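First, one chain by itself in structure tokens, the form predicted alone.
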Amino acid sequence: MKLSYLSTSQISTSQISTSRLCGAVLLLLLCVYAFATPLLSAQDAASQNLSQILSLPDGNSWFGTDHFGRDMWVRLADALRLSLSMAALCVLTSAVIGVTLGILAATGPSWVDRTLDGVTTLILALPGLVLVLIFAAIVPGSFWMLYVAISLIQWIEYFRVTRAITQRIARSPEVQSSRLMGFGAFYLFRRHYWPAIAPQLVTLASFGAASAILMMASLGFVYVGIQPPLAELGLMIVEHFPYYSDAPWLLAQPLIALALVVLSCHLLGGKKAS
């Protein structure tokens, strides 16, 4: 029975490692395409050519052109770059704020914990997408307002996980011994708290990035997110939908790009294969 358990555990670990490797490779390829295309192509994503509308993919335009004759290869790269930049900024901001406040709540005075717990409860009283919609309506089409709104929601997950882990470790004999020996807060964080928190951040960051991208696309889908002529995946889906019968490849491209970037984040988070 012990050998069987070890074998199953090893298989499970191998599945997670393979999943993360596939997610990392896929995400890297998408990043290379999104960030290298502007450097390698002189084509402007907003440049229109009304004589070449809805053209099929060819040697000059690898993904064809849209209903305004704009190059889809360049526009899709712009849309992916915008989504990936939003995801990176939101994950970084949310992680820094959430981890910092989580450790303060777990190790600080009780009133700090109660105050922060009340703030998170207040934010969670509204559905996340509704709160983002409210912020988006204040300054329509603002990338930075969307960034603030999404980060305001996502830091809570980092906060709750960090607080739970830190509260458990803070009562351990190892931490108590370090305190008795006179070690400061930074040493406790580096030696005891961070090694336990860091593995969880990979999963939180991966799913948080996917969530940020989907939120941004959802807002574009209802015309309250990024505004034309900027390229954004959700907005592109709405713009191309009327042409699904004449140019189905045009609608498929942002849908596939959105699915691939979300899939790469989920795989990177270590989701097991069934």
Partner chain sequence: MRLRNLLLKRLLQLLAVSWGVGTLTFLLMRALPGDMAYRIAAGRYGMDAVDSDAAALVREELGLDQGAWSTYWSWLGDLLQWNLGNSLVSGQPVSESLWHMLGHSLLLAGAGILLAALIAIPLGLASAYHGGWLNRILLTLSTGMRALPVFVIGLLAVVVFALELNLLPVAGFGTPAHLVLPALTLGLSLAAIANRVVHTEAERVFNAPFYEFAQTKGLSAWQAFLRHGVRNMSVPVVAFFGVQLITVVEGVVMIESLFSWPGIGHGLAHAIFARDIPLIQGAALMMGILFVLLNTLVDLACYWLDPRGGQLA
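Source: prediction; values computed, not measured. Positions refer to the first chain, counted from 1.
Just so it is clear, the following notes concern the form predicted in complex with its partner chain, a form of the same protein that is not shown.
By the 4.5 Å heavy atom rule, the three marked residues Thr121, Leu131 and Phe207 all count as contacting its partner chain in the predicted complex. Listed stretches are 134-142, 92-100, 168-176, 74-82; the contact stretch with its partner chain in the predicted complex is 134-142, by a heavy atom cutoff of 4.5 Å.
Using a 4.5 Å cutoff between non-hydrogen atoms, Gly182 does not count as a contact of its partner chain in the predicted complex. Contact annotation: Leu27 falls outside 4.5 Å of its partner chain in the predicted complex, judged by heavy atom distances. Its partner chain in the predicted complex is approached by Phe221, whose closest heavy atom lies within 4.5 angstroms of it. In the predicted complex, none of the heavy atoms of Ala247 sits within 4.5 Å of a heavy atom of its partner chain. In the predicted complex, Ile237, Phe241, Tyr244, Leu251 are the residues of 228-253 with at least one heavy atom within 4.5 Å of its partner chain, listed from first to last.
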